[in-house]
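A lone chain, given as structure tokens: the form predicted on its own.
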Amino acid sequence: MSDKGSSLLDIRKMRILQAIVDDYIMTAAPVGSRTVSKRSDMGLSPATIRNEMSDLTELGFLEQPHTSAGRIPSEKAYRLYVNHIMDSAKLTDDEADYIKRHLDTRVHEVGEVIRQTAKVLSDMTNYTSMVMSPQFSAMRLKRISLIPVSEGSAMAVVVTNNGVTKNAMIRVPETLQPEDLEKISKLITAKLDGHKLGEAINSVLPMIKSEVGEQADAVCDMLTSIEESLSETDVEVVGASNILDYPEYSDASKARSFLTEVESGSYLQKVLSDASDVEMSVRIGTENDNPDMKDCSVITVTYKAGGENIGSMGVVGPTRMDYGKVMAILRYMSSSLSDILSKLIK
């Protein structure tokens, strides 16, 4: 939400709205004026608070359930809360130690680190966690080697400038000899060095074609195969059933829709892919362009290796999410994962 929303409210209304959102996040129960007035830092009568709550309702920041005299925050309120009102949260020393201890014990293989990160993130937040494996197509290339395996096939060994190595089996023309593959490897490496794999086909391939002559089509096919093999990205999802712990999802059909969407994984993968260039993203309710996620909030952060963004991770929970705490956990875990991957790659 822009600053226009916050400019509608004076300091008193902002404090009352913060108190209501804080209380509703903790209890999931509609918040009344007496509850707010009992806060030691408020110093306002219930009558005054009721008037302010009425104004906040008219402005669209609060909603009143039919069966309750209390109010609950609207999606508009959560956006204002995240952008302007909430107090920043920090991890305790014990929480930071827990994350370090559980991640540092699994640093032997990238896939293990990703899986453990997803598990720790879900354990720490009690929400659904998702961690995208490193996006190879987003990394800059350093070297490609084509190693003959059998007649008509070769292994492409791709090394990025931040040290990540990945292999892909590809088809090659049976007429190509080992010395041909070595020559093509050197040429491709010279031309692609410093480029992202995703840029290779469109921007770099024309330069290669003019130098490989009659082998141009074969090189084109090989590069396309390499790109397709390495552009596949996995998403590790943990704790989908955690959503059942929240009263918002006590309705069986609503819970089933959420679990089905999470299980398919396509929307979560899209969210993480879209967030791969944004340090932190917060989508609240209908800001998620998926009807099964309209009552959820999704927070994502990127992680790095060698100083470049190579992936993202996130948390999915009800809009009544403890935003400050989740954002603090995600920032810390992003930093921890970045450090571990950088060491592991080296």
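Don't overthink the numbering: it's just position in the shown sequence, from 1. Just so it is clear, the model here is predicted, and its values are computed rather than measured. Under this definition, the rigid core comprises the largest set of C-alpha atoms superposing within 1.5 Å between the forms.
Although not depicted, the form predicted together with a further copy of the same chain is the subject of the following passage.
Remark: Ile72 does not count among the residues lining a further copy of the same chain in the model of the complex, judged by a heavy atom distance of 4.5 Å or less. At the 4.5 Å threshold, heavy atoms of Asp97 stay clear of a further copy of the same chain in the model of the complex, well away from it. Shown alone here, Ser150 lies within 4.5 Å of a further copy of the same chain in the model of the complex, counting heavy atoms only. Although the partner is absent here, Glu211 is not a contact residue: none of its heavy atoms lies within 4.5 angstroms of a further copy of the same chain in the model of the complex.
When contacts are defined as a non-hydrogen atom within 4.5 Å, all of Thr165, Glu182 and Asp245 contact a further copy of the same chain in the model of the complex. Annotated contact segment (heavy atom within 4.5 Å of a further copy of the same chain in the model of the complex): 168-176, selected among 168-176, 74-82, 272-280, 89-97.
When a further copy of the same chain is considered in the model of the complex, only one residue from Glu228, Asp217, Asp193, Glu109 comes within 4.5 Å through any heavy atom, namely Glu109. Contacts between stretch 252-283 and a further copy of the same chain, counted in the model of the complex as any heavy atom lying within 4.5 Å, involve Ala252, Ala255, Arg256, Leu259, Thr260, Glu263, listed in sequence order. Core-superposed comparison between this form and the one not shown: the CA of Ser185 exceeds or equals a 2 Å shift. With the core superposed, Arg171 shows a C-alpha displacement of at least 2 Å between this form and the one not shown. Superposition of the core reveals a Cα shift of 2 Å or more for Ala156 between this form and the one not shown.
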